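Just the one chain here, laid out as structure tokens, in the form predicted alone.
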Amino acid sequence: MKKELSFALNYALNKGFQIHPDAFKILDEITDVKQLEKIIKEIVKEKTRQKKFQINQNDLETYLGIKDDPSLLNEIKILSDPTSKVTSGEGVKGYNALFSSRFNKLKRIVSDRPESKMIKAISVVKTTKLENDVYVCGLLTTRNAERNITKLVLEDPSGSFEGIIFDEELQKTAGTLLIDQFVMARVASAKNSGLMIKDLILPDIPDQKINKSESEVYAVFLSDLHIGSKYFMEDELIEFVTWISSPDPVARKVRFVLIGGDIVDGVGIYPNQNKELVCQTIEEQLQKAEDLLDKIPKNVKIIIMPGNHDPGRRALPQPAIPQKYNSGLWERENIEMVGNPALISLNGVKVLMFHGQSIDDIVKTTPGLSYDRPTDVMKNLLRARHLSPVYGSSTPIAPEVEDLLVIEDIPDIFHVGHVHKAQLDMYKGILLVNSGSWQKQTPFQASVGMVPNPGLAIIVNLKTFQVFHENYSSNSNNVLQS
């Protein structure tokens, strides 16, 4: 018997364990001393907890990934996916339908609030002398700050009105509102016969008890791989994929990998992009992605959504990456191709996936927000109950008959990418994950002073919601923000 194996077995025997003869052969084939010691210690720890004091062949096969562990569930349900729902309208009629859908969905959301019983149509408020305060709701079309007052213009299907805010604290709230977002306002008659806004109420997310997986499994959150770019961190991603296949106690419980968009760098996304590509076609890039993901164990479900660099429609909502560019990804049993945004259930845990294009518009128009803290922007989206409220800015929005960007179902985890900044936070019981990137700083990012923190794999225990992260970047100072 090898000296190393003898040492490992003595450790188990001293802890009161028996070793079944069938387990010896498997242990004898392990050449890495540190790995051998780690395996024995982890199995002893787990079986002591179970009050079972024999190590057998089944324990080792399960631990090493030779045999799947039946106790680790990997049930996935697609609760919402725009791919089959995209039915764009045309021109003005299409956008009228889109904003009517937005208004009606969000009005239903606020209908649970007691104030909703006092909501009046804007046309009624404008033509009636108000004896008492009333409530109106609408989409914000204009926001102006002049001297010591703020003016807001709200619009509902019956018309629009301009309300004035005098209260300083309420003006600060008004300053965070996004153009085209839904808001409920408490309105009273002003002395000059105009209308005064005395309170602003957002749809927002109520405090909630989160759903948790009964089985202790892990989900890994990634995004913005940018495969095909010469700045893609291929070696680091391969190291991560190798880890998933290892006997590491966390790795062997990983059952889900979620990729939140920009899996490839794309072609023709920005001027002279071809000079920064190692794969010059979409097909090459997606084939490389398929080859890399194929190394992930087949008992791990992989969910892939598109971003603004991926092929297909650029406007939101985005259908899944078209099958014509790479049928292999679609045909693999452990891969789910979904659109952007999508709501996924992982063992009952609801995950809202959104690539995050609208962050660009919100950072530009909202004081105090920045690309360095993307989870602050994510909180604004949850308060607005909409993933891309601002229309007509840099994020293209299609004239869908139904607004598929309204956050109707409340998630347990909100997963976003796009800005290449990995960060964690919580909001009213919801775990916020911005999963960063796997692309080193590009010349464009350097020119605008953007410093990404790439190469971080964010891992969530779906039973306890404990979060781990592994840094695969060579930069030891690369940290996950929280």
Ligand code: D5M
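Values in this document were obtained by computation on a predicted structure and should not be read as measured data. One rule holds for the numbers: they count along the sequence shown, beginning at 1.
Another form exists, predicted in complex with the ligand; not displayed. Remarks below refer to it.
Sole residue of Asp360, Asp376, Asp199, Glu283 within 4.5 Å of the ligand in the predicted bound form, by heavy atom: By the 4.5 Å heavy-atom cutoff, the listed residue in contact is Asp360.
Of Asn56, Thr62, Gln445, Gln35, the one that lies within 4.5 Å of the ligand in the predicted bound form (heavy atoms): Looking at Asn56, Thr62, Gln445, Gln35 one by one, just Gln445 meets the 4.5 Å heavy-atom criterion.
Contact label in the predicted bound form: Met426 to the ligand, heavy atom within 4.5 Å: Met426: no contact with the ligand in the predicted bound form.
is_contact(His226, the ligand) in the predicted bound form, heavy atom dist at most 4.5 Å: Close contact exists here: in the predicted bound form, His226 approaches the ligand to within 4.5 Å, heavy atoms only.
Close approach of Asn308 to the ligand in the predicted bound form, 4.5 Å, heavy atom: Although the ligand is absent here, Asn308 would touch it in the predicted bound form, with heavy atoms inside 4.5 Å.
Close approach of Ala422 to the ligand in the predicted bound form, 4.5 Å, heavy atom: Judged by the heavy-atom cut-off of 4.5 Å, Ala422 is well away from the ligand in the predicted bound form.
Answer range among 22 to 30, 453 to 461, 437 to 445, 39 to 47 for contact with the ligand, defined in the predicted bound form as heavy atoms within 4.5 Å: Checking each option against the 4.5 Å cut-off leaves 437 to 445.
Contacts with the ligand in the predicted bound form, stretch 355 to 389 (heavy atom within 4.5 Å): The stretch 355 to 389, when checked against the ligand in the predicted bound form, contributes His355, Asp360, Tyr371 at the 4.5 Å heavy-atom cut-off.
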